[in-house]
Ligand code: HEM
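Below you will find one chain, with nothing else, as structure tokens; this is the form predicted alone, and questions on how it binds or moves follow later.
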């Protein structure tokens, strides 16, 4: 079961790396004006979302479920963690929606909005790690 836990952590790190980097790409994409840069950002964003973030998310959740079913964790901390992971999945899907808007050249947000948007997964990471390690309830 320790291998499952290790893989859960590895894929969680992979997922979060994408969640931190994609909105940063959105910042730069929103600032771009030349067609070459805009097309380059579209390719980078698509590859990051579908090649790294989506597999990372799916494998994080799959190994997390395996851990839960195998070890039978319980407690309020786990319910809170699952709720935060659900919020994280929503954020991930929102990133996918923003990706589609950029792909179709219909982005309506300025780079400053994306800078703030980029900070949200940091808060979730802190909360999730504290819940798992400290188990406050």
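Numbering follows the first chain given and starts at 1. Quantities reported herein were computed from a predicted structural model and do not represent experimental measurements.
Keep in mind that the form predicted together with ligand HEM is not shown, yet the notes after this line are about it.
Chemist: With the partner left out here, check for me: in the model of the complex, does some heavy atom of residue 25 sit within 4.5 Å of ligand HEM?
Modeler: Although ligand HEM is absent here, residue 25 would stay clear of it in the model of the complex, with no heavy atoms inside 4.5 Å.
Chemist: Within 4.5 Å, heavy atoms only: does residue 7 come near ligand HEM in the model of the complex?
Modeler: Although ligand HEM is absent here, residue 7 would stay clear of it in the model of the complex, with no heavy atoms inside 4.5 Å.
Chemist: Going by a heavy atom distance of 4.5 Å, is residue 92 a contact of ligand HEM in the model of the complex?
Modeler: So residue 92 does not count as contacting ligand HEM.
Chemist: I'd like to check something about residue 88: if you look in the model of the complex, is any of its heavy atoms closer than or equal to 4.5 Å to a heavy atom of ligand HEM?
Modeler: Residue 88: yes, in contact with ligand HEM in the model of the complex.
Chemist: For the interface check, one of 44-52, 92-100, 105-113, 58-66 should have non-hydrogen atoms within 4.5 Å of ligand HEM in the model of the complex; which one?
Modeler: Looking at the other structure, the answer is 58-66.
Chemist: Within 69-89, which residues have a heavy atom closer than or equal to 4.5 Å from ligand HEM in the model of the complex?
Modeler: Heavy-atom contacts to ligand HEM in the model of the complex: 73, 77, 78, 81, 82, 85, 88.
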